[in-house]
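Below, in structure tokens: the form predicted alone, a single chain.
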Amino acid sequence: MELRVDGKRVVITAAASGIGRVMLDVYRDAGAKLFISDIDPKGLEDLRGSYPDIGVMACDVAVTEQVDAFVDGALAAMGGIDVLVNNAGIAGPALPVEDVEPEEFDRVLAVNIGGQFRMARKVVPGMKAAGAGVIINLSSAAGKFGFPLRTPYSASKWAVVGFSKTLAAELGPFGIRVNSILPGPVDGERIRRVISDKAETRGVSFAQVEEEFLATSSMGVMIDPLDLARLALYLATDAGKAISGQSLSVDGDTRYLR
């Protein structure tokens, strides 16, 4: 079955690299019109050069004024927003809770859950007026398990699950579907930084922590970002028209985190 979103107007946050960049490519190949954000100037410039058909704007999702300007730009460029993918997130520190600075904790929550709130509150009125819409929020396996040395991150990702479930109940009567995706450890630069930070904090090797990450799932694998992008695409198509309020894990059967 070929999944298509021809002509659908899609906004993706933090799409200049990583998971967001893969999602951009998958949605673009499926026929979407796209408007994306990031905070990386070089990444945004590269996108402008590679994809002149895509709307691109710098935006820190933790800053309300920047979110409002970004969504206004998307609406002006595309005439509406059919799909919002709240992908922006940061890893935060890998430290014992007593060593986490309050400013670090606040920053993680401001981006990982506050950013999703800011985007949703700005996008929802247009979706309500249209009587349809899709919101996809990126959570994590850390949104259903405890995650030692990662209290800010785990707290934020648990919050995403509750936020998504509540939005689905609130917005369902308006034809708007909301789901969260919970990846396991995703292959890429971010997870390598997390592994390195945890190894340093614990005084053990990178290889040991990496092995422990893989051991948390029955399949023993890192997650391919393409698998997340394909699920996000499915949720935006008519094939997923009855799916809302769900926390969908793509994690190789993760059983715990450590």
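Don't overthink the numbering: it's just position in the shown sequence, from 1. Note that the structure is predicted; figures quoted are calculated from it, not measured.
Below, we turn to the form predicted in complex with nicotinamide-adenine-dinucleotide, even though it does not appear here.
*Asks:* Looking in the model of the complex, is nicotinamide-adenine-dinucleotide within 4.5 angstroms of a heavy atom from every one of 59, 88 and 140?
*Replies:* So, yes: the whole triplet contacts nicotinamide-adenine-dinucleotide.
*Asks:* So, residue 235 and nicotinamide-adenine-dinucleotide: in the model of the complex, are they within 4.5 Å at any heavy atom pair?
*Replies:* Result no; residue 235 lies far from nicotinamide-adenine-dinucleotide in the model of the complex.
*Asks:* Report yes if any heavy atom of residue 93 sits within 4.5 Å of a heavy atom of nicotinamide-adenine-dinucleotide in the model of the complex; otherwise report no.
*Replies:* Residue-level check for residue 93: no, no contact with nicotinamide-adenine-dinucleotide.
*Asks:* Quick check on residue 28: any heavy atom within 4.5 Å of nicotinamide-adenine-dinucleotide in the model of the complex?
*Replies:* Flag for residue 28 set to no.
*Asks:* Even though the partner isn't displayed, in the model of the complex is residue 230 close enough to nicotinamide-adenine-dinucleotide, meaning a heavy atom within 4.5 Å?
*Replies:* Residue 230 lies outside the contact set for nicotinamide-adenine-dinucleotide.
*Asks:* To verify the annotation, which of these, 214, 199, 191, 54, has a non-hydrogen atom within 4.5 Å of nicotinamide-adenine-dinucleotide in the model of the complex?
*Replies:* Looking at the other structure, the residue within range turns out to be 191.
*Asks:* To verify the annotation, which of these, 136, 127, 111, 119, has a non-hydrogen atom within 4.5 Å of nicotinamide-adenine-dinucleotide in the model of the complex?
*Replies:* It is 111 that has a heavy atom within 4.5 Å of the partner.
*Asks:* nicotinamide-adenine-dinucleotide isn't shown here, but in the model of the complex, which of 165 to 173, 70 to 78, 96 to 104, 178 to 186 has heavy atoms within 4.5 Å of it?
*Replies:* Contact-bearing stretch, as computed: 178 to 186.
*Asks:* Counting only heavy atoms, which residues in 220 to 253 are within 4.5 Å of nicotinamide-adenine-dinucleotide in the model of the complex?
*Replies:* Sequence-ordered list is empty.
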